[in-house]
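Presented below, as structure tokens, is a lone chain in the form predicted alone.
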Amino acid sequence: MFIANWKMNGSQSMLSDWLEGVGKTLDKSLQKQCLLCPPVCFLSEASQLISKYKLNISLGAQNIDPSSFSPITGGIDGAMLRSIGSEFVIIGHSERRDIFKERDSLLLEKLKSASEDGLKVIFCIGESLKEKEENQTAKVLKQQLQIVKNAELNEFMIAYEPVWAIGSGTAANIDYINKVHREISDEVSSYQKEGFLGVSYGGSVDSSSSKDILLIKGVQGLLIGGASLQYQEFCNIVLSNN
């Protein structure tokens, strides 16, 4: 799966140009492997454009608020997201953990809300540079995964995003990604949960690094940030898998 996480970027014209460009560049079978996660204000229009251009691309939201917190000003729950075309939702991204101080108790509530409303989950985990340098990666990731272990989920994918690589322009090296993905897959598989879609890699992925990363057996997809904003670069990443 190729996940285009636009973060806080985009416009109506950009959305239309992006979807039209992807539709012209990738055939239907490749489109089916693509997931677009634009800002929530563009989800409904994205859904309409996907129908207009007859695309096979899926849609996802970048965030969700727990239904149990209702009513909350500015909140949006899983039912709302589904009603405007979202099939997936990203939960636990390192930026939200850091900036908004999202902790395990809140993330668990978000997972519950997503599951109850039939959304598939992209759950992000990752270690900081300090944790990596102190050889704490395995311990930190296992701790973060305990939330998944304790939640009832529909289909879900783990997105490994080393915090120290995000926005740096340099992805983690191949051996490191291979080792960590294998450990994550083994840990999640031990939970014996149905619907596990595998582990994606995120962290400064672009078309120059994607091919080698995708050759790693334990990598089932890519969570792509800045490189997903231009449809040409996003398509080059998808095509690098063929």
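Small disclaimer: the values here were computed from a predicted structure and weren't measured. One-based numbering along the sequence shown.
Although it is not shown, the form predicted together with phosphoenolpyruvate (PEP) is what the next lines describe.
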Could you confirm whether Q62 comes within 4.5 Å of phosphoenolpyruvate (PEP) in the model of the complex, counting heavy atoms only? no
Indicate whether phosphoenolpyruvate (PEP) has at least one heavy atom within 4.5 Å of a heavy atom of V205 in the model of the complex. yes
Just checking whether K110 would be counted as a contact of phosphoenolpyruvate (PEP) in the model of the complex - the rule being heavy atoms within 4.5 angstroms. no
Is E131 one of the residues lying within 4.5 Å of phosphoenolpyruvate (PEP) in the model of the complex, judged by heavy atom distances? no
Listed residue (E102, E116, E95, E87) with a non-hydrogen atom within 4.5 angstroms of phosphoenolpyruvate (PEP) in the model of the complex: E95
One residue of A165, I125, M157, V148 in contact with phosphoenolpyruvate (PEP), assessed in the model of the complex (non-hydrogen atom, 4.5 angstroms): A165
Given 195-203, 24-32, 211-219, 174-182, the stretch touching phosphoenolpyruvate (PEP) in the model of the complex at heavy atoms within 4.5 Å is 195-203
Since the partner is left out here, which residues of 209-237 would have a heavy atom within 4.5 Å of phosphoenolpyruvate (PEP) in the model of the complex? L223, I224, G225, G226
